[in-house]
Every structure is written in structure tokens, then in C-alpha cells.
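Following this are structure 1 and structure 2, which are two forms of one protein chain, each written alone as C-alpha cells.
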Structure 1
């Protein structure tokens, strides 16, 4: 299988003192495989993934190491190259849906603009593709949604629209940052099933989560982060059956208790 993404000795510091936030993080992602990055809030999961997408402000953060997509170094790529790559070849499902859209522009216009930026497609065809993408996510009244402003929709609804937009280009890599957090159980399962389907089609998944239940359903391999460092890694089976670190055991226990309470 082709290696799509390789992160080597990634370090992220907060300027001006370059206070370390992420320390020597390394991992690889191959075509059609999935890697779960698991850890509690503040462990460095999200900031690691934002560095892959070049979403960190260089005035605030110092990033070093290497992030390679198909042998192309992303940390030295210019802004134009990053814009062309991210959203088409590497897509990210963000954690906070309320800040992902321009509140003054209708959902449909934002979807059409995104499609036309990455594909040679007419405005009419882009609109039709947007409708189809929303329908695949089991969203109701899709034409009405396309004509809605983001501030009129719930966080859960916006999250599902973000996921639809992320999947629409069928990218090589999908980075899912707590993608199901805002959804009810039914829609969580629907989104996870859709991500699993994309994986079967050869798309690589990088899953950022604090929930080992998500990792169990989708991940081939797992890395556990704490305080900006990887403290444990292995196959999903190894991590579930014989975790070495006490921290990993506590995360597993918390996920089991949470799911048990949901069932009750």
C-alpha cells in the first residue's frame, strides 16, 4: 500500500519562548488504512492535525520536523500549493462546526464556491453535487438547507454539513477531528459507517478522538498522546487487549463507562 502521509519528529512550540506543545511526534498513514490519535483534551491531538493542514498561525507557533504527503514536504510548501492540496487531497472535518462557516453567506453558496475552487465544474452542477452530498448524510430538506444561513442551524446540523463537504471530493486523506462529538447516537453511527465506506474505497483516515469506541470501530492502528508526546502505540487489537500505560488503561475505562451510561 502507498504511503500517503509521513510525519517525522514533529515539534510545535508557542512563540516567543517556543514553549513546547508537541514534542517529537512521528507516524505514517498508508492508503486505505486508518490511524486513531487518542488522548484527553490538551494532549496535542488537534494541534498536530492542524499543523498537517498548515492551519497554525506562523506568528504564534513555531513548527519543525517534517510532514510529507506523497514525498512532498508540506512545511515548506507555499500558500498557493497548500490551498490546492487541502480540501481536495487532504480534507479535515473540524471539531467546532459553529466557526467553520461564514455566517453572512448561505450554506449553498459556500458549498458551490468550494466545489468550483477544486473542480472544473459549472455553478449549476456544483449546486446539484452539493444537494447530493447532503442527501448522502441523511440530511432533511436539502434544498432548504442550501438556502439557509449557518447561524439558523444547530451545531449538530452544521457538523453533518461539514462532513458532507469534506467527503465530496473523495480525497486521499480525511482528518476527522472529533467528527461525531456534536451528533446523537443514530447520526454518529451513520457518520462512522460513511467514513468506514470511504476507507474501503482506499481513502486513509486520521481519526482524532478521546473515545476509544470510535477507534475500535474504524482504526487499524492507535497512538496515545499525553502532554504533547506519544506515550503508546500499536494495533487497535494490541491497545485494547494489552495496554501498557496506566494512562491508556484509564482512557479505555472512561470510554467503556461513557458508552455504558449511554445505553442505560
Structure 2
């Protein structure tokens, strides 16, 4: 199995004194596997994900180390190169679908824009494939959806649109940062099912979550982060059966208490 993403010795500091937020983080993501990043709030999970796509403001954050997609280094890539990869080879599912879209632009236009950023395609064709992509997600009345503003749609619908968008260019990697957190249980399960389907189709998943239930359902490997460092790593069985760190045990316990019946 080829290694799709390899993060090594990633350090992220807050400028100007480069106060460290992420310290010496290394992990690899192989084709068709999924890696869960768990950890308490503020442990640096989101920052790590954002650094992969160069979404951190270089004026605020100092990033060092190496992030490779296949053989190419992403950290030193120019803006144009990284944008060409983002949304096509590496796609993202965001935490809060309600704020993810520009509120003043219709969904259809934002989908068309995404398609046209990566392909030579006419507006009309992009619109048609946008509708097709939404239909694949079992969304109702897709023509009407394309013609509506984001604020008129529910969080669950928007998250499904985001998932449709993430798949639209057949990516190798999908990064899902707390993709289920802001949703109700029904929509959470819908998103989890979709992620599972992606995994079966050979897409590598990088799952950020503080919910061990999600990790248990989808992940092959788990890394546990605390205060910017990886303090424990292993296969999903290792972590669940024999966690070494007290911190991991605590996280595990808190997670099981919260949604007791999710782990089977």
C-alpha cells in the first residue's frame, strides 16, 4: 500500500516568539486506511489538519518539519500548487457546515466555482455535474438546492453538500475535522455512513475527533494528542484494549460515558 501522506517532525509555533502549539508530530496515512486523531480540546488537532492544506496564516504561524503528499513536499509548495491539490486530491469536510459557505452566494454557484477551480469545464456543464453530485448523496430536490442560499438549508443538508463536494474530484485523501460534532444524532450517523463508504472505496481518511465512538467505527490507527504532542499511538485495537497512558484511559472513559452504546 502506498503512503499517501507522510507528516514528519511537524512543529507549529505561534509568532512572534514561536510559542509551540504543535510539537514534533509525525504520522503516515496509507492508501485505503484511516487514521483517527483524538485528544482534548486545544490539543492542536485542527491546527495540524490546517497545516496540511496550508490554511494557516503564515503571518501568525511558524510551520516547520515536513508534510509529503506521495512524493511532493506540501509545506514549501507555492500557493498555486497547493490550491490545485486542495479540493481535488486532498479534500476536507468541515466541523461547522452552517458557516462553511459564503452566505451571500447560492449553493449552486459555490459548487460551480469549486469545479471550475480544478477543471476546464463550462459553467453549464459544471452546474449539471453539481446536480449529479448532490443526487449521489441522496439529497432531495437537487435543482432547487442548487438555487438556494446556504442559510435556508439545515446543518445536515449542508454537511451532505460538503461531503458531495469533497468527493466531486475523486480525492485520495479526505480530512474530516470533527465532521459530526455540530450535527444531531441522525445526521451524525448519516455522515459516519458516508465516511465508511469512502473508506471502502479506497479513500484514505484523516479523522479528527474527540469521540472514541467515531474512532472505533472508522479508524484503523489512532494517535492521541495532548498539548500539541502525540502521547500515544497504535492500532484501534491496541488503544481500546490496552491503553498505556492514563490520559488515553480518561478520554476513553469520558467518551464511553457520553455515548455508551456506540462501541460494540
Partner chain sequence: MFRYIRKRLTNLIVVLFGVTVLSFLLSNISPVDPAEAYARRILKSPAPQKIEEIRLKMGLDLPLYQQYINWIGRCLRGDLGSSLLTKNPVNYDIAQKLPATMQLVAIALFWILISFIPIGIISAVRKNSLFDHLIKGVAILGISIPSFWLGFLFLFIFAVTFPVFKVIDYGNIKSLILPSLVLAIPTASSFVRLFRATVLSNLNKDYVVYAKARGISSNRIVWGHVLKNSLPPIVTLFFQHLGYMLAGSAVVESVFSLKGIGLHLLNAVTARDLPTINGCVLVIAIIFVLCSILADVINMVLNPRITDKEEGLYE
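Rigid core: the largest C-alpha set superposing within 1.5 Å between the two forms. Positions refer to the first chain, counted from 1. What you see is a predicted model, and the numbers here were worked out from it, not measured in a lab.
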Quick check: structure 1 or structure 2 for the form predicted together with the partner chain? 2
Among 227, 75, 170, 236, pinpoint the one at the hinge where one rigid part of the chain turns on another between structure 1 and structure 2. 170
When C-alpha atoms are superposed, by how many degrees is the smaller rigid part rotated relative to the larger between structure 1 and structure 2? 12
Can you read me the CA shift for residue 140 between structure 1 and structure 2, rigid core superposed, in Å? 4.0
